[in-house]
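Form predicted on its own, single chain, as structure tokens, below.
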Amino acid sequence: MPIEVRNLTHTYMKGTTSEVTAISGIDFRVDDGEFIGLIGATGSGKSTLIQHLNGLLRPTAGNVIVDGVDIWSKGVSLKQIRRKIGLVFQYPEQQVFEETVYDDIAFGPRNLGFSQTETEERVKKACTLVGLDRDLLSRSPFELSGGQVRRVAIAGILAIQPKVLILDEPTAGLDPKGRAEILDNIKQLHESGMTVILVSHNMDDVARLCERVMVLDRGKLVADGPAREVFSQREFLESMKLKPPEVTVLMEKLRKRGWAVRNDVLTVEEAHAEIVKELRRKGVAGAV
């Protein structure tokens, strides 16, 4: 289920003295099974952009085409579009509202008209996918920890079984353990075949998970390519007020000192392998 964005522009409060163009002239395509990282400085237009992909915002100009159909064409059901493309907001407390965790996750399936039996199955499956303890289903979502609420919000989207999952800063405010667990859940969802778009300020997370990276700057799409290619352009990223992954910076420092290591390393594991290989080349005893 490809998504095509053509010349997308969105202006808030158009025609007033407070008019602001948040995104302008954006073009890209998302194919089935991709894992895309969307990065950019605060105010670059990331949240505005993703809210167009399932029709939460209507373009001022341009088109969003899902499965070959412009989602704003006459007769297109935005309800069905949002069933295919699920969006988890940055602040999960804004996305949970029912009295119990079960009712919150079940809201989507019920709203789509599924039977009680089907709804129960979808809730159970969604809980399993995000690692949410079913003992929590009878509790109020507002009694849970930040990480648990984040899982409830994601599970509520997964219960409608979308083909595309968009996550806006899914680990914001979480402790290291909660962050690692959420990211592992997201990775598993992608490995199961789901298309994922991840918005994040954490370059290390994007580098470790995403195959493709898109960079926004002041409402413009200024880069779109393989993660290794994008993150190897340190000067470009810094000009966008973005810091490359820490391991990429480390490799660059080693290269400046004469080490023959790659400059497109993205993970700690890759960095370890490069350093060990170079130490062995240098004849350092005991390099492992």
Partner chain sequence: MTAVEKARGLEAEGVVFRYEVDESDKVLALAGADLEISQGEFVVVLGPNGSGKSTLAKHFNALLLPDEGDVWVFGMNTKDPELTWEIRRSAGMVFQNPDNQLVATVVEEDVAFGPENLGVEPGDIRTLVAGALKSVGMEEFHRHSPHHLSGGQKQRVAIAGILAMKPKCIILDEPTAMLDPSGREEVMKTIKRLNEEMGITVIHITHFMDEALYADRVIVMDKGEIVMAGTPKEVFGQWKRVSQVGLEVPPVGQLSRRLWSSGVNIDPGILTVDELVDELCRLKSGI
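Positions refer to the first chain, counted from 1. Only a predicted model underlies this, so the values are computations on that prediction, with no experimental measurement involved.
Keep in mind that the form predicted in complex with the partner chain is missing from the display, and what follows is about it.
- Under a 4.5 angstroms non-hydrogen atom cutoff, the partner chain in the predicted complex has R179 among its neighbouring residues.
- Taking the partner from the other structure, the partner chain in the predicted complex has no heavy atom within 4.5 Å of any heavy atom of D27.
- In the predicted complex, the partner chain sits within 4.5 Å of a heavy atom belonging to G173.
- When contacts are judged by a 4.5 Å heavy atom cut-off, A22 does not count as touching the partner chain in the predicted complex.
- Here is the short version: of K220, K243, R228, R262, the single residue with a heavy atom within 4.5 Å of the partner chain in the predicted complex is K243.
- This chain appears without its partner; in the predicted complex, the one residue of D204, E211, E121, D103 with a heavy atom within 4.5 Å of the partner chain is D204.
- Stretch 248-256 is the contacting one of 30-38, 248-256, 65-73, 51-59, since its residues have non-hydrogen atoms within 4.5 Å of the partner chain in the predicted complex.
- Annotation for 152-171: no interface residues with the partner chain in the predicted complex [heavy atom within 4.5 Å].
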